[in-house]
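Only one chain comes next, encoded as structure tokens, the form predicted alone.
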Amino acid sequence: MKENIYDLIGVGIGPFNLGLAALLDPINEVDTLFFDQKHEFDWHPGMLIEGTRLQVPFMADLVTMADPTNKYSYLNYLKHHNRLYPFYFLQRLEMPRNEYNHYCQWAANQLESCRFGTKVTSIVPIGDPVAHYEVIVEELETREVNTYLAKNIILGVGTVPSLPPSLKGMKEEDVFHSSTFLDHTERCHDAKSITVIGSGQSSAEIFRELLKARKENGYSLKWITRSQGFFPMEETRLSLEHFSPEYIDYFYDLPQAQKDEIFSGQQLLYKGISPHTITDIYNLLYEQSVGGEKMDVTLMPLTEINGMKEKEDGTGYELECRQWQKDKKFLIESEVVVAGTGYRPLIPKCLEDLNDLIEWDDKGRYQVTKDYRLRLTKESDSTIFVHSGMQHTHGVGSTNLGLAVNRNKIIINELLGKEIYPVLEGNIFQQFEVEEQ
């Protein structure tokens, strides 16, 4: 057993924990480790489609919103790869998605605190009150098991793809989540018919990619969503102020039932389609219809899928559909189905020994304090911070890359008990909160 007690151990190395590691790197006062079972940093590899880009400006990198001089900034990455002028000439705020992945890999490879190919199998509280945690870690290549001690824990395990019950149990090569699209492009091109489900950014990017390749490969193509239309993400300037520290503070203080109601009505703040993607799709549809050419392409809003079964002849699937506004049921056939049906929070198995220590709400969700600590059922001298699974407490900004750095500033200041990175106020023009008179 390693007797050294680390100040902080991180579970998962996605963008949020990677940014935390980068901001902690120049601080000599803390001893930290971050573990991830992937063999290297790889951010949504199944969706790194050529031509896609982040939906936030490049300033939402790992560190800039806390410390623009930090060596792990995106601009420093560009300098080291001789890409400052090309990005300058690009005249765009958003970086390509595959470059964001490469940028994060560049940072992760330099951070000694980040350990890939390692799986945290359990976290055990030690002491009463809890004085620290015992973290059991398996080296996946050697199967060696090591035990580490940590004063504090930070969970950054992210989300996992979500498939609705109506699509489960089918052949994985035919019916798959959008997160694995690039693994199935050859299957798509060989198919006679493809259906894309969902009206978010991922579904739109996949539909665009399949639409570009449709003529060459000759398949029919459908795009179905339960939503009332294929709407753009709300990206007007004042709407973006919902992704601010001030709005998080306002939202957090609301009653939980009201938060759930508000969040359910804010989907276009985080689930819509980038306007440039919609423009690309419409341009392709227009160009492919020149001369009155009949396209075997269908876009169907207002349509829910209530069931699915394989055809008796084994040539594809029947989808049981319903146009819900008029309550009309119908069937469509498709050889391949791509489900852009979103993600759900992941509660990792390594927390099993902490289940009785963590406070859960009546829907099985973490109870999270405003400063990103899990609420515990008994007194503890140690803290479990969390990066994910808190949309119900902190709202639409909880998964936004642009707010990740602000969250990391708060966590670092709490961890060290002093202000390392100032948390700035007065960031927006709107006033969500008012004083009662």
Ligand SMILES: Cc1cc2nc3c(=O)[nH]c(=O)nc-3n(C[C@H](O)[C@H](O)[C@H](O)COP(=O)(O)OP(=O)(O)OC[C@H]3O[C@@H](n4cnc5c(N)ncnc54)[C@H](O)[C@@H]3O)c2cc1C
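Only a predicted model underlies this, so the values are computations on that prediction, with no experimental measurement involved. One rule holds for the numbers: they count along the sequence shown, beginning at 1.
There is also a form predicted in complex with the named molecule; it is not shown, and the following applies to it.
- Of the candidate stretches 246-254, 326-334, 339-347, 208-216, only 339-347 has residues whose heavy atoms lie within 4.5 Å of the named molecule in the predicted complex.
- In the predicted complex, at least one heavy atom of residue 118 sits within 4.5 Å of the named molecule.
- Though the partner is left out of this view, residue 97 does reach within 4.5 Å of the named molecule in the predicted complex, counting heavy atoms only.
- In the predicted complex, the named molecule sits beyond 4.5 Å of every heavy atom of residue 298.
- Put simply, residue 390 is far from the named molecule in the predicted complex: not one heavy atom of it is within 4.5 Å.
- Candidate site formed by 15, 37 and 158: every one of these residues places a non-hydrogen atom within 4.5 angstroms of the named molecule in the predicted complex.
- Just one of 382, 64, 400, 32 comes within 4.5 Å of the named molecule in the predicted complex, counting any heavy atom, and that one is 400.
- Among the residues 47, 368, 376, 412, the one placing a heavy atom within 4.5 Å of the named molecule in the predicted complex is 47.
- In sequence order, 47, 54, 55, 56 are the residues of 47-84 having a heavy atom within 4.5 Å of the named molecule in the predicted complex; the partner itself is omitted from this view.
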